[in-house]
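Heads up, the chain below is alone and in the form predicted on its own; it's given as structure tokens.
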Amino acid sequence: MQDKYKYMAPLYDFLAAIYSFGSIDSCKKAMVEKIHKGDQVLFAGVGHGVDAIAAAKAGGAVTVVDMSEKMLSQFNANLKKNNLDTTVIQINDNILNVQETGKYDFVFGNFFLNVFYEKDMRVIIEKLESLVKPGGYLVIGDWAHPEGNIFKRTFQNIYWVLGVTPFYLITKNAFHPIYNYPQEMTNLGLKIVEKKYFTYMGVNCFWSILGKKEQ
């Protein structure tokens, strides 16, 4: 597979920290507190994996999936830094090729779905939902859908464009309006249990959404 993150992978966490002053990492880890020891947890498009490492520390049985070999290399470097004494299953493949329907207590798609155009995003989110066991949870952390007054919405949209443009130019990620993930999750039959917001310059620019799959 061509690794489109070959050049961006080593810089990804640094750029995210500078861009969001830590809000992206906080957003990624927001729902990890819901994980119980022994829960089966999958992270799609894991990247450097600060959220997956936090889940493993919480006692989750963690599987990570990423198409980028370079991203998984960065994830492994982070594993070593954290001295984890637990095994994390790693899959270097397209999430659509993961055939474990209904297995996971938690499936995380943090800052992952935004790399796809709308049609493909809906295929991917449906796939993520299918991997969740009945009674389990799908978690999506990403840019928050613009809301509030016109000034806040304008700020959110400009901030989004500034964040995704380098990836559009270098990795050929999709360029599109900010997705309304709670609506997409509701359309799949998930119940929105909780939303947590994370701010930049006093504006809710990121959110983590917890959706429950009915029994």
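Worth saying up front: this structure is predicted, and the values here are computed from it rather than measured. Just count from 1 along the sequence shown to find any residue number.
We do not show the form predicted together with a small molecule, though everything after this point is about it.
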query: Option from 144-152, 34-42, 185-193, 62-70 whose residues, in the model of the complex, bring a heavy atom within 4.5 Å of the small molecule; finding: 62-70
query: The small molecule in the model of the complex: contacted by all of Y179, C205 and W207, heavy atom 4.5 Å; finding: no
query: Heavy atom of F198 within 4.5 Å of the small molecule in the model of the complex; finding: no
query: Heavy atom of F111 within 4.5 Å of the small molecule in the model of the complex; finding: yes
query: Contact of I95 with the small molecule in the model of the complex (heavy atom, 4.5 Å); finding: yes
query: Residue contact check: V46 to the small molecule in the model of the complex, 4.5 Å heavy atom; finding: yes
